[in-house]
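Following this are structure 1 and structure 2, which are two forms of one protein chain, each written alone as structure tokens.
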Structure 1
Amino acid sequence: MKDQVKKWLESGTVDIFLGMKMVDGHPLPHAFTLGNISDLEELVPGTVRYPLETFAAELAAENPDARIGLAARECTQRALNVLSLWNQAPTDRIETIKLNCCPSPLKEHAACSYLDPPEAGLFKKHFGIDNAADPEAVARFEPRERFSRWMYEFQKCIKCYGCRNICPVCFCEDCSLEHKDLIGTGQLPPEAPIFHLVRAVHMAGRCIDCGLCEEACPADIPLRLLYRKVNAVVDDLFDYRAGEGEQPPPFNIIGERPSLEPKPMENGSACPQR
């Protein structure tokens, strides 16, 4: 990986390579350039999960001619696809070095979903369900029991914004989660469940299931399970999976929108109009 980055910088393939550099024993985001090419000796291999694609999008916006490189797992590439479709990142100026997916170094159930989706640990930990092959296993719970369980999870939130800040596809300049009339500030514990329901709706059709939000959550809220559910609804209604292909997102008003006609259900009937 270091040799590849060095070749890219020396040949002008990229002007900047975004990676993690070891500083005083801690891996931190770093911009490697031809001017500091010796820093490559401190380049951390692809064992640290961090959304460097968000930095790539910002650098590309500020430097229209810059070519940017970064290492990319499957989730990184999905995030870049989403950012491109939302006109947030010019993927034609971003070069990637492909990395294998790896388990999370912090939380077992935050590992990449594309290794073995969905992980048994995720359901077992939060709902006591062993069948990892059934992503709708939670639906077997009675509605009242599901509501009580999620309220319990939401009330653990300390509103640290870690889930939003680490998310590679959160790019709104004016975040609704900080709107004083919607989300009160200075409250501990914060009002539940408004914070997470607002964010869940916002992530519908955008979440690429990288698991970083759940990994960052100090309260261990099963955020990934929540976002998987809203993504499943988007998939059912619009046949859309975030980060896969070049199909325009159903909620992106910038580009051409797909039809809002609901998909026919399996029995031949259609979902009720809204």
Structure 2
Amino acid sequence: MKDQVKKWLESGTVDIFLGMKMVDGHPLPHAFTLGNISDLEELVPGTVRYPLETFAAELAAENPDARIGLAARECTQRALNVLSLWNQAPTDRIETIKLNCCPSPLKEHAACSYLDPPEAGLFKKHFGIDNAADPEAVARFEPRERFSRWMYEFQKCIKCYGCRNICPVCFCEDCSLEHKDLIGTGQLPPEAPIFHLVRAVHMAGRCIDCGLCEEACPADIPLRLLYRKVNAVVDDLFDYRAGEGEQPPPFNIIGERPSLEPKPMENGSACPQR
């Protein structure tokens, strides 16, 4: 990888390369350039993740001619695809070097900080939702219990906006989470569950399941689990998986799929569905 980056920088394939560098035992993001090419010695794959794609997109927007290299995990690549789809990252100016990260049946090894989430405490297990749980398992709780458990999680929110700030596919100038007409201000916890549901709705067709939000959450809210469900719904309803391919997300295409029917009110309703 070091050789590859060196070649890129020297040949001018990229003007800047964003990767991780070991500094005093901390792997930190670092911008490698021709000027600091000796730093490449410290280039590491890194076990922790920062949204390098966001940095790349910002740099690219500020410098219309710059070519940017990127050490990309699979989630980074997915995020880049989404950003490109939303006209937020010029992928023609962004080169990536793939990192070995997410586990697969072929390779057990994976350098991802998300892989072993801490075990949930007893109280959380009893009244909250285990971050490591499966969406299907959560769905098996009775509705009221499900709601209660989610509310327990949501009420821990300290409204730090960390989930949004670190999210690689959040790019709005004017964020709905700060919209006082949508979410009441001046209260903590923020209007639950509205705050989290608004964000969940905004993630539909966009979330690439990187888990950075949950990693950044000081209240340990199982955000990734929530957005995983969002992704599953989008996949089931619209056959769409964000970050894969170049199809525009379903909410950006006008028109309904003919097979999509409103959900019936209940079985045996007096209003027959057409």
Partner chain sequence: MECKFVPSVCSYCGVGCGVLFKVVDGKLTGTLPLKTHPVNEGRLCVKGWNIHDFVNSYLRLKSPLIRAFGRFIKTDWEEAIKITSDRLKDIVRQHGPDSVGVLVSAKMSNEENYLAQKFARAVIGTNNVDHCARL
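None of the values given here were measured: they were computed from a predicted structure. One-based numbering along structure 1's sequence throughout. In this text, rigid core is short for the largest set of C-alphas that superpose within 1.5 Å between two forms.
Could you let me know which number goes with the form predicted together with its partner chain?
Pick structure 2; the other is not the form predicted together with its partner chain.
Is it true that residue 222 shifts between structure 1 and structure 2 by 2 Å or more at the Cα, once the core is aligned?
Not so; residue 222 is displaced by less than 2 Å.
Answer yes if the CA of residue 25 moves 2 Å or more between structure 1 and structure 2 after aligning the rigid core, and no otherwise.
Yes, shifts by 2 Å or more.
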